[in-house]
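Single chain ahead, by itself, as structure tokens, in the form predicted on its own.
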Amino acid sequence: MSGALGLGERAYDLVLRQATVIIFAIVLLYFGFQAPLFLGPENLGNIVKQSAFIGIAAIGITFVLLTRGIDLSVGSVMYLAPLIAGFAMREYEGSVALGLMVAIGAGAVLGAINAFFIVALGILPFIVTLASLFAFRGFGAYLTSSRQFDFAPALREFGLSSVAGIPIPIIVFALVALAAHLVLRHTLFGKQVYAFGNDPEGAVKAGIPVPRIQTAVYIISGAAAGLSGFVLIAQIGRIDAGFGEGREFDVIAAAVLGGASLFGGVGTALGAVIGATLIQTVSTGLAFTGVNLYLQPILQAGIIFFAVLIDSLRQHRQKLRRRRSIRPIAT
């Protein structure tokens, strides 16, 4: 009986760890049966291309979540950083390379502003990033007077181009995912991020430069959000006052669906890629099967709830394992 119970617990743990992959497979099979063209190479390629926008930002916010932080300003950074890049491009004859660097740099600066209030002044990340969500978007609206901003045609040509048949957004998405994976898994900084997220007090005692780590993850999140917005704008060529609005919830959901924990210390860059692709797969599948447009936000809300539920169950299992590993001291 105990063996069967142990096997059941191991199976339950496996399902929790691989929940996103399992759900991903079920979603693909379901929509594939409903609409055979859904599984066609062209449509699957479009799903990955469209998920790059959320995926890049989700990779960035994974760094923040690993340190038990939160960044609610992501959607506003997606709007403001590329907008600043657009003004720079107008000054320098539509240079896409310049615009790309400015978008990433502006995002990093906005992330540093969040980090200053969180790290230097000790204000809760939720409060700081909620305030900056409104402040950054308000500043962008001030710059444009809430009017549509059109980018140079060269940007759209760049966004719609491809290399060896692979669209530019997918290439950028893959490069960001690879770089983040290498940083988190194979550098001292990555190990320190995980160490701090798992045990903040222990990290301080171990001499880990906690303020520097916290500052860096918010800068990374901001830079990723700026790049994310730039990648999407490169495909549509313009930006309006509602661009990126509410996207912070999709980004957080993608990261958590991919295995990142809201309680810190758990998550990977590749998991964020899977989570973002899953969200886009569901969105595309709903459109393919003709689901009522007004029901789609409800279903997406269900995805976010599911992500948080899975994360809570994972944390509960981890706490149970820690309690079982503690043995009373013999007297």
Partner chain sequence: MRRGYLDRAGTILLSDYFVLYLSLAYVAVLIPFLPVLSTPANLSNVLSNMWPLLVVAIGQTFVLTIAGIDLSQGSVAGLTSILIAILIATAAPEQVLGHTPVWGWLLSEAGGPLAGVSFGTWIGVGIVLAIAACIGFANGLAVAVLRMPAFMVTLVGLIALSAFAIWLTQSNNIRNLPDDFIALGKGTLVSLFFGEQYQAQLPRREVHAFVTWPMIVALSVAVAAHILLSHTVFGRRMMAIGLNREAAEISGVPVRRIIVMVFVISALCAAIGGLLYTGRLETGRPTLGGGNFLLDVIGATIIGGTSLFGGKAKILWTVWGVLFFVLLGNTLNLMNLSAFHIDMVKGGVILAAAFLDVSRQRLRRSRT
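Numbering follows the first chain given and starts at 1. As the structure is a prediction and not an experimental result, all values here were calculated from the model.
Only in words, not in the display: the form predicted together with the partner chain, which the text now covers.
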Residue (of 232, 72, 177, 152) lying close to the partner chain in the model of the complex, criterion heavy atoms within 4.5 Å: 72
The partner chain: the contacting residue among 239, 252, 110, 217 in the model of the complex [heavy atom, 4.5 Å]: 252
Check all three, 33, 36 and 171, heavy atom within 4.5 Å of the partner chain in the model of the complex: no
In the model of the complex, segment of 158-166, 96-104, 121-129, 219-227 with a heavy atom within 4.5 Å of the partner chain: 121-129
4.5 Å heavy atom contact, residue 18 and the partner chain in the model of the complex: no
Partner contact for residue 263 in the model of the complex: the partner chain, 4.5 angstroms, heavy atom: yes
Residue 287 within 4.5 Å of the partner chain in the model of the complex, heavy atoms: no
Non-hydrogen atom contact residue 148 with the partner chain in the model of the complex at 4.5 angstroms: no
Residues in 135-168 with any heavy atom within 4.5 Å of the partner chain in the model of the complex: 135, 138, 139, 141, 142, 145, 146
